[in-house]
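Take a look at this one chain, the form predicted alone, written out in structure tokens.
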């Protein structure tokens, strides 16, 4: 097989860059990484080649692919199948004992444990590594002291490749059709997966505001990652939504480069760490808008302003900003299964002590469930436990 020439422009702290590189590695594809973090010449080169300022920007055999979402679409459509060393399973011709949804700590651990029990396993996931990829330093996952999230997840993946596990990476599950004797999973690309049992380890995703203009202006001033896109709005006014640690860190980061930063919070007080609160309150560039809710994001082709409403008085303000960074936490990826399974008020899947959901033959593990502790080591352990219980069920 002739190896393709893959080039990717990234920044060290960009989570979507990490996800793109993790996806390429999962497919056995080598790439040249151009780190433009502190290299203006490379950054200008990227803009000239791609016509974009957002990262990552990916090229295959000198052909522009685009960003991370574009890469996922290409993988899902089979556009990279001829370039990879791993064969994608034919869903129409094969049935599995267990389908694992998700490729984070819970999903990969579950797949390994299930395969070791002799089950025919399929792992389907849009992303590789989950939220762990966004963690720079991990000191509490034994025995991987001082590792990074991307490195840890690659070690998980290398371990998984030692077993006979079918993988459908870049695939998003959109629905599960429970059957009397097994279940059918549907994907965004219209694939049908037949399996006797299901293990959901789909993790979490960024929470959205759900206001007019948010969807239309995504990537044109609406961002869910200040560390990814903040540099684009240097010397411009911006807004940050969220009073927790993520929101405070985003506001402080933007205060270094923006002309002014509006930090919008629903409560009367900031809720992040005291040290971060002190830094925010002492910054002459950050205006904290307490008890405000964002009601609209305005702009034709890109963000021009936002409207916010005081929850106590009902008074509205319009802030002239060029970007809004939404940092309001995470929600479990349960949209595709909510109508079937019992979930709690936080949309987490309710499980029992055996990781069994409200439907027989469907198990769940990790951050997508109602377990209290959301930690890497806990998710991995829950994945192993769920796989063992699924094996008992199948036997």
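Positions refer to the first chain, counted from 1. All values reported here derive from a predicted model rather than from experimental measurement.
Missing here is the form predicted together with a small molecule; even so, the following discussion is about that form.
- Mapping the unseen interface onto this chain, residue 327 falls outside it, with no heavy atom inside 4.5 Å of the small molecule in the predicted complex.
- The small molecule in the predicted complex comes within 4.5 Å of no heavy atom belonging to residue 251.
- At the 4.5 Å threshold, heavy atoms of residue 121 stay clear of the small molecule in the predicted complex, well away from it.
- Remark: residue 126 counts among the residues lining the small molecule in the predicted complex, judged by a heavy atom distance of 4.5 Å or less.
- Comment: the small molecule is not present in this chain, but in the predicted complex one of 103, 114, 263, 99 has a heavy atom within 4.5 Å of it, namely 103.
- Contact annotation: of the candidates 270, 132, 71, 209, the single residue with a non-hydrogen atom within 4.5 angstroms of the small molecule in the predicted complex is 132.
- The stretch from 216-224, 271-279, 103-111, 190-198 that comes within 4.5 Å of the small molecule in the predicted complex, counting heavy atoms only, is 103-111.
- The putative spot formed by 56, 301 and 304 is not touched by the small molecule in the predicted complex; no residue has a non-hydrogen atom within 4.5 angstroms of it.
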